[in-house]
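One chain comes next, on its own, written out as structure tokens in the form predicted on its own.
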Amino acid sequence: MADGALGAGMSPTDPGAPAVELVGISKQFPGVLANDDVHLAVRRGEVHCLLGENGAGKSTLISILSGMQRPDSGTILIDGEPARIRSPRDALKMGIGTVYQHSTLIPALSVLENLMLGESRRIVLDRGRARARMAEIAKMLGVEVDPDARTGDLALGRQQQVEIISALWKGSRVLVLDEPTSMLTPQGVEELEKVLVQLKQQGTAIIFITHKLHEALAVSDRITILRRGRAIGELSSEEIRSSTPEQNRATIVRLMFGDATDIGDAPELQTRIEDVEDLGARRLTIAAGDEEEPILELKSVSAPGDGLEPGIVDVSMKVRAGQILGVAGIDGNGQRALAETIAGQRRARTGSVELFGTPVNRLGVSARQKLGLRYVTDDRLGEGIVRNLSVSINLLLKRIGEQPFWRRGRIDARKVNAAALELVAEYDIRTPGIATRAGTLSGGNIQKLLLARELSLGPKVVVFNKPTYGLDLRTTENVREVIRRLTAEGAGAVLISTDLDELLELAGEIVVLSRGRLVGTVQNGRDAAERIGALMIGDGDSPGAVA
């Protein structure tokens, strides 16, 4: 490859050595041993998957490898030689590139401009050579990307391809993919899998991080499982191929959680959606009958966006008692505007939001809550909690001023603490104590706190915005079980999620948002994933169509 081939200037000193090897890596933060004597070897031409629940140490390990953190002890070997990675620049120079789950591209620039950004070699002055080099990498990956396209206009799958091209452009021979499918359509996942095959054939070493077991088993040559900061076990390529999917899943679950665990029928343990014999038979929630009156209805509702994120335009939808209505779409297509408009945090410009047949456009958040509407935000840290306040206060935050927790303008600490302890036990919130600052909890436990707070008053309708995003397997299934139980007791739910597996597991009916518009409705069942994916990328029926 001309002018900076993959791994330019870094030919392996020992062809038999792993492309990258972590030996005895330990990293401690105040009160947390994030990595404990971790050993990990990644070979050329393989996909090596990292699995582990939240807090297992995956993020810290990758931060060390990418130069964002420095280990307290241990050694990093590149092609068998010790290496000191003190910064992201060092990592790039050593051929380690990271593609994060959220795009790092500059939306206003073209694809070619993003690739050339920060380029210190003479190629920056020669756009013709830059185009030729981009075309060469794209051809190697088997993808087609317009170099003059504005990256902000590209679908997330295409943006991810540009991120991978960018990493290879900089000479990366070790590629770290952090939750690479979390925002992709089914079609985007298929395209990524094809790219992985091409990368392996070129000898690239790939570290693949995911929460989904079926995904790991589908793409990985080896799988390392982390638990409580330690590399607790590994499945070799031979073990993966020689065992049945059920045997592999049982082994992984045992290593991730120990022998005493019950995670039920979590979607992460299932085979691919297209391989399920009868998807409708395994759904726990079905759409309510049309004859039932909706408890929540949006009639031609439009609302403004926020910054670069679009608002919603002419959205109509109904939710009935006992129903989970799924909302699918690539992230950033109006989901937050929809959730906040229903919750009362954002005013509708036109149309009507109705609860139990009564318009509530003029009512604020508190008034809608009194009618039985609750909202579980996707912004856990920024909006969901007050980080510096205790767990107990955060749990009762929305009952400030209410008896029996407040009397004559003063908090009744005894009653607040008693109620908090009950909620901590009921929702299994793992915390050193109820006086602990909420901001110090793990993401999964913060999510449990939000659920406990919002669902403890017997809500009639709940809007869940990405309720399991970034959570580990066990916490994900716990959260989904809470949603199932809520609707089984007669409440309605709006489930907004970028995880298509989650929507297919829980919702009977799924609407699809694209650029703030409702572009279709899909009844759950066979081929639902493909129909939803087609609507998400604009290949489905006309807006408002039922698929």
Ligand SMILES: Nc1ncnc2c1ncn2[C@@H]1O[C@H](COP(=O)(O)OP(=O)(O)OP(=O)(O)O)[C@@H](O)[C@H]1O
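Keep in mind the model is a prediction, meaning the values are calculated, not measured. Note that residue numbering begins at 1 and tracks the sequence as displayed.
What follows is about the form predicted together with the ligand, which we do not show.
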query = Does the 4.5 Å heavy atom contact test between Glu53 and the ligand in the predicted bound form come out positive?
reply = yes
task = Report yes if any heavy atom of Met68 sits within 4.5 Å of a heavy atom of the ligand in the predicted bound form; otherwise report no.
result = no
inquiry  = Contact with the ligand in the predicted bound form for Ser442, defined as at least one heavy atom pair within 4.5 Å: yes or no?
reply    = yes
ask   = Hey, in the predicted bound form, is His48 touching the ligand, heavy atoms inside 4.5 Å?
value = no
query = Mind checking whether each of Ala34, Thr60 and Glu179 has a heavy atom within 4.5 Å of the ligand in the predicted bound form?
reply = yes
key: Contact assignment for the ligand in the predicted bound form, among Lys448, Arg173, Arg133, His211, heavy atom within 4.5 Å   = His211
ask   = Where does the ligand sit in the predicted bound form: which of 39-47, 493-501, 22-30, 479-487, heavy atoms within 4.5 Å?
value = 22-30
remark   = Checked in the predicted bound form: CA of Ser63 to CA of Leu441 differs by 3 Å or more, atoms lying closer
inquiry  = His211 and Glu530: their C-alpha distance differs by 3 angstroms or more in the predicted bound form. Do they come closer or move farther apart compared with the shown form?
reply    = farther
